[in-house]
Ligand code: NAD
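Here we start with a single chain on its own, the form predicted alone, put down as structure tokens.
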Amino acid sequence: MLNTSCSVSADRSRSTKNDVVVVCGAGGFIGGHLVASLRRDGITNIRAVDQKPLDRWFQRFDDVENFQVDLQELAACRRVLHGGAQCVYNLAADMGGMGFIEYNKALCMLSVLINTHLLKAARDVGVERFFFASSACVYAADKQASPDVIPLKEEDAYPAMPEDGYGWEKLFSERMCRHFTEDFDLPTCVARYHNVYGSHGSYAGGREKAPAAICRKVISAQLEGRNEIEIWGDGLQTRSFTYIDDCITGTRMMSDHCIPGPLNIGSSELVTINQLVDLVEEIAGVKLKRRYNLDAPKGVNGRNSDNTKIRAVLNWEPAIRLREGMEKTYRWIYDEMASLVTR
């Protein structure tokens, strides 16, 4: 059962503009958008943390404290939480799309060090709210065997059979958050993200996810004058895709209201990969021949988000339609790729 109680007092259950807010993984896709959202709302004491060199961050802001450190190290976690950190968002992980997850299981699992050491540091300095970004990859594989998937409820993570590597790390870290709350009274929030997409993220190089990868393939075919693209799998696998703005709204609502979770943050608009390609082709104004690579990683056959609990707890759920989000994503990736061609 979802526990919606909060162990902190009412005056500590919401963010204030004077809070010291630490965003871990701030150089990444979701982390960059989260920092941008906090800044827009007037939060001034922001510490943005990532392992990547600053010039490789997707979004970087000079009016926040930017740290380049390896959060797998406990000393680094203590450093970025020093001086009264009140709210921590842990979005840091070594991860990517299905291709990266499939071939880098050990690297994905090493991210457990990040959450473990951040939790220890947060406990020691008295952090008031700790948010952990989990994933729909924690859900049991036998509940995702058919494209005609029944939407996944939070309790469907058990009995445990998550995605090998990445999914196991996320599920273990969820439990770590739960037990730090139980044993040390550290208020933790856990959200399970479902296929988040949007601008200012990876669209090439192996870490991109399906929406960005398909946009890139269609745009490449356009720019290079080709009439064919490759699709991983048979295109019949189903997914729901969550636009970044909805992801950030749900993330901040969970943290601000101290909702422990785990709670799905995902769209319930289910499509096949073929339908996603149809949509991108329509946006681009092209029709391409599809070559299906049946040997490529394709993930589970079906995955969708059941939003019953998030509606009950927050009176909200992701609502941005796939067409709207993909138009914005496609335009951003097109501009990025076109600028590279003209250089």
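This structure is a prediction, so every number in the text was calculated from the model and none was measured. Numbering starts at 1 and follows the sequence shown.
Keep in mind that the form predicted in complex with the named molecule is not shown, yet the notes after this line are about it.
Chemist: Contact check in the predicted bound form: 46, 89 and 253 versus the named molecule, with a cutoff of 4.5 Å between any heavy atoms. Do all three pass?
Modeler: No, the whole trio is out of contact, none within 4.5 Å by any heavy atom.
Chemist: Quick check on this chain: which one of 215, 119, 259, 196 has a heavy atom within 4.5 Å of the named molecule in the predicted bound form?
Modeler: Contact residue from the list: 196.
Chemist: Please identify the residue among 144, 237, 181, 135 with any heavy atom within 4.5 Å of the named molecule in the predicted bound form.
Modeler: The residue in contact is 135.
Chemist: Would residue 189 sit within 4.5 Å of the named molecule in the predicted bound form, counting heavy atoms only?
Modeler: Answer no; every heavy atom of residue 189 is more than 4.5 Å from the named molecule in the predicted bound form.
Chemist: Residue 51 near the named molecule in the predicted bound form, any heavy atom under 4.5 Å?
Modeler: Contact with the named molecule, yes.
Chemist: Evaluate residue 58 for contact with the named molecule in the predicted bound form, applying a 4.5 angstroms cut-off between non-hydrogen atoms, and reply yes or no.
Modeler: Yes - in the predicted bound form, heavy atoms of residue 58 and the named molecule come within 4.5 Å of each other.
Chemist: Give a yes/no on whether residue 65 approaches the named molecule to within 4.5 Å in the predicted bound form, heavy atoms considered.
Modeler: No, no contact at 4.5 Å.
Chemist: Among 66 to 74, 38 to 46, 309 to 317, 275 to 283, which stretch has residues with heavy atoms no more than 4.5 Å from the named molecule in the predicted bound form?
Modeler: Partner-contacting stretch among the options: 66 to 74.
Chemist: Can you tell me which bits of 86 to 107 touch the named molecule in the predicted bound form, meaning any heavy atom within 4.5 Å?
Modeler: 91, 92, 93, 94, 95, in sequence order.
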